Structure formats: C-alpha cells, structure tokens
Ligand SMILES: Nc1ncnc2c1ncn2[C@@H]1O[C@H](COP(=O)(O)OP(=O)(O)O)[C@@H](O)[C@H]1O
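Encoded as structure tokens, the following chain is the form predicted alone, with no partner shown.
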C-alpha cells in the first residue's frame, strides 16, 4: 500500500469499530444464516459493515451472496496463513448498500491437504486477525461480523477473544445444550475481559408442548447460572420459519421484513448494539 493510499484510509477511519462473532458448538444450528442477517441489518441501518467467513472447512457466504469466482482475488485463507496482508482487494462489495464481505476459499484439498491448511491457519490467525481489525477501522467500517467455524478451531477462539460481543447459537436439543454448557465452561468464561457474551436458541419447532417450552426455559436459566447473570445475556427463542426455508431453496437467505424472524432479529440487533454501547461508554 502506498503512502497516499494509506493517507486516504486514515482520513476515512471510523471513530469506533465493533466486532460481533457468531459461534456454535457443532454445525447445523443456523449460525451462518443469522450471521448474514445480522450483518445485513446493521448495514441496512446505515452502518458500514463487513461480514467475514471464518468457517474455512465449510465456507458458504460467497454462495449466499452470489459472488462469482471471477470477482474473488484473495480470501480470508490467504490472510490467515500469512500469504497476504489484508488490503482493499480482499474486500468485496455486495448488492446491499453498506454491506461488504471477506469470503473463505472453498476449493481446498481434503484429507492431509485440509489438515495442513488448518495447521497453517492456527499458526498465523491471531496476529492476522489483529492486523485485520486495525485495517478495517482505517477503512471506515463501523461493524465487523464474523461467521466462525463451529467448535474449538483456533481461528474461531482467536476471533472470540478479540470480539466485543460473542453470540452463541444453540439448537433446541439435548446434544446442543450439553455442548453449549461445555464450551461456555471451557472457553467463554475465560474471555470475559472487555467483552460481552450472548446466547440464542434457534430453530424451535412450531407449537411446542408446555413441557418442552418449560425444559427450554430451564436450559436457558441453567446456562445463565453457569456463566453468571452479569456475564451473559439471553437474546431470544427463534422459531423455524418454513417461508425462510422455502426461500433457501431459491437461494435467498435474507429474512423478509414482514416475517417474525426479521422482527426478532431486529430486536436482537438492538439488544446487542445497546449492550456494546453501554460497555464502551462505561469503559471510556
């Protein structure tokens, strides 16, 4: 980057950059769809927002936003492995105003090739994520939303460590609940410094029986008790939407504004950004 280019970036620098990550213990709870919709909502409100795909083994954001291969010069893989410094040619525009992407590379070798790739990413990811945060602030971004790989991947843990807000997405199943308890104990309780944690139950079936609803409420209370009430915030119970599922068949994943999911997502975004604002105000 030339000195003149750097000067332009510095002039555009945002006064504040907030980082939100979405994470899960296993794949399948709808984390990526929520990531895309949260980033879209933040951008829709007039914030310069970037959505970054950190699910290296199973990236999908390129396809959700219909970005053709020919438009992609570099991916997050190159940055996390130290092959390329973050720059403007990594950032992709979308058809939505204020919403940009950094995508992950899909055509990786599996077996030993994939293991080698993931090991390289572990080695460089913490430094690379810090450098990317500084660059994105200079670029004038207000919000960064990371869609993390599920589980204990090192790059996911590193992103969770630098986040202002972490949103843990849980399916309404015993398996997902037990996994959430384990991850909260193993990782999230150690990342309390200077950041916030949230959790949401996603993909609830319609017309839950009273005993099932009661069990979910008990799970919610147990997770809060494990983490401590002043350290984690429950966001919502989100229902399965058959209309949104049908949209997915046609390759559309952004929630329509007249849907209950959009209403609940908007309320989630309000709660997250209000909590971040309050945290940073108290810290100042």
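Quick caveat, the model's predicted, so the values are computed rather than measured. Numbering follows the first chain given and starts at 1.
Heads up, the form predicted together with the named molecule isn't pictured, but that's what we're talking about next.
Colleague: Would residue 43 count as touching the named molecule in the predicted complex under a 4.5 Å heavy atom rule?
Modeller: Flag for residue 43 set to no.
Colleague: Against the named molecule in the predicted complex, would residue 265 count as a contact residue? Criterion: heavy atoms within 4.5 Å.
Modeller: Although the named molecule is absent here, residue 265 would stay clear of it in the predicted complex, with no heavy atoms inside 4.5 Å.
Colleague: With a 4.5 Å heavy atom cut-off, would you call residue 75 a contact of the named molecule in the predicted complex?
Modeller: Contact check for residue 75: no, nothing within 4.5 Å of the named molecule in the predicted complex.
Colleague: Taking heavy atoms only, is residue 256 within 4.5 angstroms of the named molecule in the predicted complex?
Modeller: Flag for residue 256 set to no.
Colleague: Report the stretch among 46 to 54, 66 to 74, 238 to 246, 221 to 229 that approaches the named molecule in the predicted complex to within 4.5 Å, counting heavy atoms only.
Modeller: Heavy-atom contact with the partner occurs in 238 to 246.
Colleague: Considering non-hydrogen atoms and a 4.5 Å limit, which listed residue (276, 261, 269, 17) is close to the named molecule in the predicted complex?
Modeller: Here the answer is residue option 261.
Colleague: Using the arrangement in the predicted complex, list in sequence order the residues of 25 to 60 with any heavy atom within 4.5 angstroms of the named molecule.
Modeller: Residues within 4.5 Å: 27, 28, 29, 30, 31, 32, 33.
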